[in-house]
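The form predicted alone is given below as one chain in structure tokens.
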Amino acid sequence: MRTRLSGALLLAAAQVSTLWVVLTLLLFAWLGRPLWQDPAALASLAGFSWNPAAGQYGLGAMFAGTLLLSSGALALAFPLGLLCVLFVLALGPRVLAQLLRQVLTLMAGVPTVVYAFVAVWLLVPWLRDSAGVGMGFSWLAASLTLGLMLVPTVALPLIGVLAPADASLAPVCDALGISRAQRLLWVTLPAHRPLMLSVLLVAAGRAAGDTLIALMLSGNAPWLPHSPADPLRVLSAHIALSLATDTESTAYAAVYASSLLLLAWVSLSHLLSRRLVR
């Protein structure tokens, strides 16, 4: 009886969550009516120029900025996350491995704004004054900070799944003379490629949805960057900036187009992740 009740409650929660997402999409579509009713403004959405005074509402630069920032952050977070997994499960001494796992757990609970503030006071001045990276607020600064924040998102789920799986393979591998590190690298990890890709997709969804790091560190210039030293603007930061300055114009309605695009991106990442896990 308890099992059936638990299953029914979980099914109801899943259905309510799905309904909530659908209703949110419909709400964004309804609130964006002024934009959908303006053919010229609607046609400009696919462009790369954001200039509301000239009737240009292109979201292409913000979409590309989201893709670039997410890619840069994942290029740092995923390898670092895998290295943490290897250290915790195979390479590190037991005491240091437990310490690293606790540090990762602590990092996962740190608010995003803390990462951003620390980067503003430490990373940005170093990039500007010592590394010569423009004004410091750039694609590079945001990517480094976001990548560091995403390391626990990559490492902790992998550790949680791979630790028991690796332990179950230990007797057979020990009998074959395979070391713990070899077992993890050549047996356990290859057997869990879909899980690693699923974790990567979840991290990509979180990277795309983050607002404060991008808002505080990326420079928020609404054009395409030519190098990591240049500023950029992402969809989430664009939404925050637009809502802070406008509530009635067509540019405000374009915020809901940004919201639809961002929600679709994050939802697709999570759906693909769940499909891979299954």
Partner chain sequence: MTRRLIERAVIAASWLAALLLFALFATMLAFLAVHAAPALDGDLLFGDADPWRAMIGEEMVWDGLWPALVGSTLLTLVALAIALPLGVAAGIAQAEFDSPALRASRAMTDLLSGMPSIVLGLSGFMLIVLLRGVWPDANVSLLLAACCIALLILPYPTVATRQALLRLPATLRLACDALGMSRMQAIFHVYLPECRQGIGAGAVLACGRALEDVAVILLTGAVASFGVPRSVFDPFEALPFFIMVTASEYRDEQQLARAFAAALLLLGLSALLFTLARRLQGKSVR
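Here, rigid core means the biggest group of C-alpha atoms that superpose within 1.5 Å across both forms. Residue numbers count along the first chain shown, from 1. Predicted model only: the values in this text are computed from it and were never measured.
What comes next is about the form predicted together with its partner chain, which is not displayed.
- The candidate spot formed by Ala29, Ser49 and Ala64 is out of contact with its partner chain in the model of the complex: none of the three has a heavy atom within 4.5 Å.
- In the model of the complex, its partner chain sits within 4.5 Å of a heavy atom belonging to Gly209.
- Pro171 falls outside the set of residues with a heavy atom inside 4.5 Å of its partner chain in the model of the complex.
- In the model of the complex, its partner chain lies within 4.5 Å of some heavy atom of Tyr115.
- By the criterion of a heavy atom within 4.5 Å, Leu45 is excluded from the residues contacting its partner chain in the model of the complex.
- For the stretch 97-116, the set of residues having any non-hydrogen atom within 4.5 angstroms of its partner chain in the model of the complex comprises Leu99, Leu100, Arg101, Gln102, Val103, Leu104, Thr105, Leu106, Met107, Ala108, Gly109, Val110, Pro111, Thr112, Val113, Val114, Tyr115, in sequence order.
- Superposition on the rigid core between this form and the one not shown places the CA atom of Ser269 2 Å or more away from its counterpart.
- Put simply, Val114 and His270 spread apart in the model of the complex: their C-alpha atoms are 3 Å or more farther than in the form shown.
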